[in-house]
Each structure stands twice: as structure tokens, then as C-alpha cells.
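Starting off, we have a lone chain in the form predicted on its own, written out as C-alpha cells.
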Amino acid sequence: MPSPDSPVPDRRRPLVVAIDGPAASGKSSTAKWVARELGLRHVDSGSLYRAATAAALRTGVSPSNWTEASVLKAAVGIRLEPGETTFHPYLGDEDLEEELRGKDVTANVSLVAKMPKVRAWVNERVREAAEGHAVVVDGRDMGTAVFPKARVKIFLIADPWERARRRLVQRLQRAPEDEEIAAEVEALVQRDLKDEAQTQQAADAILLDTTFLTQEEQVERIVAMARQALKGPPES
């Protein structure tokens, strides 16, 4: 049940499905699939943090010397451009999609995501992209800071071992060894500690533990919730 203090969903606005959770919980891939099933666009807030990180790396300044001001200055030309099913991050006229998954970006994106002014910048870009559209969004605080009145809020979790295994399968395109999973678990736990303050479950979000669910099963559950929300009568 939603907390008495939870924001009241606004049924007069287009449907927003907000999916939050820790690293490697499957937020982006699940959100993309849910969006396809519902015929909505997907907004990936993580792509903006990664785009800002990539832009800061291009300046040649060591990450240890990055400040909120320097990162925002590097990111000033970044925008989200709508595609057929999602929004793509651009820096000027350059599509950054491929660069965002590089190891240097991955190693430093948590540093950028902890900066309050960068978070505010990302949240505003996400709100702008979603304005007037029915969307599926994912991140760490979509249901709390960005879309507090979203009609559907999901918080994905999974056991660290399973999160690590899934991430390695995606990365290696094969079944990982136990030693590889153990090393990845350690990295994920450290990432969770770094991201803890930014990864909060909304009071009215539905907690979905996917440890023993296939991705198809979790998508089916979220799609059912969204379709049920669409049946609700609009508020006056």
C-alpha cells in the first residue's frame, strides 16, 4: 500500500512507468522491453550520466580533479534526441551511444552520478524528454526525484550473485566461471556502496525481486501493472 505521504499519481498526464534499482538489476533492458510491449518510448537516465562522463573524459582532465562545474561545462552540448523507440544522447552532432559503454566511462560514471548539480541536470533533461509523452524511464531516483507522481513505480532488486552472473553473460556472451562471478560480485558491492545515497525506493513503489524470475516474467508483471493503471478513471 502507498504511504499516506506518497505523492498522488496524476492521471490527467500521459502514463509514466518509472523503474529504479541498483546497478546490474536489469533496469535498462527491462525498461526497453516493457516500452516495446506497451508501444511507448524508453528514456534511459543512465545514458545521460554516461554521456556527461564521456564528455568530461574528452577534456583530458583527470577524474580526480573533476568538479560539478567542470563536468557540467563539458556536458553543455549534450541532448537527448527522440528515436523510434527511445531517446539517443548526442554531443553536438555526434551520437554517443557506442562510446557510453567503454570501460573508462563505466569506471567513472559513479563519480559523476554522485554530483548533486549533475543529478539535477540529468533529471531536468529526462523531464524535458518525457514532457507530453507516455514513456518508460529507468534510473536510480526516477520514482522519487524525477517523476514522484508517476502512475507506475517499480524498484528492481536481485541477489548480488545473480546480478553479477547476468552482467557477465551479457558481457562475455558465455556462461561465466564461479571465480569470474565472485570478482564481479565484489565490484558490484563496491558500486552499490558508492551509489547507495542515489538509489532509493519510492514509498509507493512496488518492490520486484527478480532473482528467480526470467526477464520475460518480470516484463510481463510490469506490463500488467501498467495496463491496469491505464484502466483507472482519470482524476478531475
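Residues carry their position along the shown sequence, with the first being 1. From a predicted model like this one, the values you see are computed outputs, not experimental measurements.
Quick note: we don't show the form predicted in complex with cytidine-5'-diphosphate (CDP), though the next part is all about it.
Out of 67-75, 80-88, 137-145, 154-162, where are the residues with a heavy atom within 4.5 Å of cytidine-5'-diphosphate (CDP) in the model of the complex?
Within 4.5 Å of the partner lies stretch 137-145.
Considering non-hydrogen atoms and a 4.5 Å limit, which listed residue (D195, D209, E37, E180) is close to cytidine-5'-diphosphate (CDP) in the model of the complex?
Only one option qualifies, and that one is D195.
Looking at L213, A23, L15, V219, which is the one with a non-hydrogen atom within 4.5 Å of cytidine-5'-diphosphate (CDP) in the model of the complex?
Of L213, A23, L15, V219, the residue with a heavy atom within 4.5 Å of cytidine-5'-diphosphate (CDP) in the model of the complex is A23.
Kindly indicate whether K27, S110 and R119 are, all three, within 4.5 angstroms of cytidine-5'-diphosphate (CDP) in the model of the complex, using heavy atoms.
Yes, the whole candidate spot contacts cytidine-5'-diphosphate (CDP).
Might R101 be said to contact cytidine-5'-diphosphate (CDP) in the model of the complex, defining contact as any heavy atom within 4.5 Å?
Close contact exists here: in the model of the complex, R101 approaches cytidine-5'-diphosphate (CDP) to within 4.5 Å, heavy atoms only.
Would you check, heavy atoms only and a 4.5 Å threshold, whether P176 touches cytidine-5'-diphosphate (CDP) in the model of the complex?
Because no heavy atom of P176 falls inside 4.5 Å of cytidine-5'-diphosphate (CDP) in the model of the complex, the answer is no.
Quick one: does R167 come within 4.5 Å of cytidine-5'-diphosphate (CDP) in the model of the complex, counting heavy atoms only?
R167: yes, in contact with cytidine-5'-diphosphate (CDP) in the model of the complex.
Is there any non-hydrogen atom of R191 lying within 4.5 Å of cytidine-5'-diphosphate (CDP) in the model of the complex?
Contact check for R191: yes, within 4.5 Å of cytidine-5'-diphosphate (CDP) in the model of the complex.
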